[in-house]
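Here you get one chain, nothing else, as structure tokens; it is the form predicted alone.
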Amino acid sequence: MQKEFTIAYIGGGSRGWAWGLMSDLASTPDLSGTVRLYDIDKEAALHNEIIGNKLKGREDVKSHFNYVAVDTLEQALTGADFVVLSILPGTFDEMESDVHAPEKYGIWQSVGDTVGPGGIIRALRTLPYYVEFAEAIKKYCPNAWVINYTNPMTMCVQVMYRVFPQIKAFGCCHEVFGTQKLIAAMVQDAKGIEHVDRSEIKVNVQGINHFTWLNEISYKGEDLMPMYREFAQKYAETGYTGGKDDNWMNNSFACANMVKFDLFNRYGVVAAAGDRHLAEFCPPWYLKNPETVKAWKFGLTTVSYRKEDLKKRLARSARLVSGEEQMELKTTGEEGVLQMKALMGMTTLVTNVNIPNYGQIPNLPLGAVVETNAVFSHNSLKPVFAGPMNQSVLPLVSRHCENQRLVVDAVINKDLSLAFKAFCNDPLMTANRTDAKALFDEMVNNTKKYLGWFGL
């Protein structure tokens, strides 16, 4: 018997996450229902309505879903069982300022969507939307489970709980999965095993999104920390790419894991995110300049790349709508659909999520959004006690917790001066106060049309 439910997809015109959800839903048996697509770009949502509904009746589709584009948040949310949030705050023009404006002051960012000057300005654009989303969820579907994929992940989730403390929201990120895959490759090489699935690598997760740490790793009951220590030391100078030696040179999202290994060799804890994310949370050890980035064998994800990629995705959308191209059903590796199944009582799942700290990491602030494992079961999400952060990395993580709280406070209080304090306190902010203020004012001005929330 199929389980029937309704998903409200906010950002339903997405040409990435939405297609991934469609593919995951279509590949999962025993499910059926409706996906309501809401987007400020109604045409994009209508295109995804067509693309999603083309899946119906295909022999390789294991479930049945109706996709419908709607005009308002109210229409999307009313009576929804799940809410998926995946939006682009502003455009890539604004993100171009986020990422590249600081470069004139010698501040380089490899992503610019979570921390650093770019992450903070992006948050000022994004979080007012999340205030609106939380208020609407409280009004139209207060019992729905809310899954967030938008960055800055931590602050998006945190501001929703500030607005609606009873909200059932969590943030999902696949960065830990990538580190599990790296550790699985390590085990394969060390033991001569043909394949180790990343799900077989058991980890204790601690930290905050994109700056997550593993203080316990095991495979079939074997403690892997000694093996990882040797692995990190062996590849500290050359990096490890699993045989794809130049992959990081040709792919902005790839790396040779040298930042991970360096952080482990410094602190004795496994850093569990991609190198381009990890680098942004630290002082500019890895981001001093493009030459330094190249030496650490990861990439700066330029906005020009994102703009070119968007052109390709727009062209693909047109082909999918016209029927010139058929969507290939390929599971994404994300766990959103598995989480939904568990919350509906169809299974039980343990995985990493971003939720408020209720004490699962006792030496980080209560209420700060942290990333740990959690147990998903019928209408229940319970964090796993992860224990205190290792003292060696606690100062690094705590600094960002406080900074993120400042930015959320800035949005709740509509006070840009609080955001500037966070801006100055970010580890990448090496400019003096005068230059920092000039940069902050320039970046705010460049995204001014999205900052009406602050009276600009």
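Keep in mind that this is a model prediction, so the values were computed, not measured. Residue positions are given as counts along the sequence shown, with the first one as 1.
There is another form of the same protein, the form predicted together with another copy of the chain; it is not shown, and what comes next is about it.
Taking a heavy atom within 4.5 Å as contact, would all three of Glu216, Thr348 and Ala386 count as contacting another copy of the chain in the model of the complex? Yes: Glu216, Thr348 and Ala386 each sit within 4.5 Å of another copy of the chain in the model of the complex.
Indicate whether Gly221 is a 4.5 Å heavy atom neighbour of another copy of the chain in the model of the complex. Looking in the model of the complex, residue contacts with another copy of the chain include Gly221, since a heavy atom lies within 4.5 Å.
Flag His47 as yes or no: does it have a non-hydrogen atom within 4.5 angstroms of any non-hydrogen atom of another copy of the chain in the model of the complex? Contact with another copy of the chain, no.
Contact of Tyr140 with another copy of the chain in the model of the complex (heavy atom, 4.5 Å): Although another copy of the chain is absent here, Tyr140 would stay clear of it in the model of the complex, with no heavy atoms inside 4.5 Å.
Using a 4.5 angstroms cut-off on non-hydrogen atoms, would Glu43 count as touching another copy of the chain in the model of the complex? Looking in the model of the complex, residue contacts with another copy of the chain do not include Glu43, since no heavy atom lies within 4.5 Å.
Residues in which of 266-274, 315-323, 332-340, 76-84 have heavy atoms within 4.5 Å of another copy of the chain in the model of the complex? Only one stretch qualifies here: 266-274.
Of these, Leu416, Val68, Ile412, Leu396, which has a heavy atom no more than 4.5 Å from another copy of the chain in the model of the complex? Selected residue: Leu396.
Considering non-hydrogen atoms and a 4.5 Å limit, which listed residue (Ser63, Asn53, Thr430, Thr34) is close to another copy of the chain in the model of the complex? Of the listed residues, the single hit is Thr430.
Using a 4.5 Å cut-off on any heavy atom, which residues of 390-407 would contact another copy of the chain in the model of the complex? Stretch hits, in order: Gln391, Ser392, Leu394, Pro395, Leu396, Ser398, Arg399, Glu402, Asn403, Arg405, Leu406.
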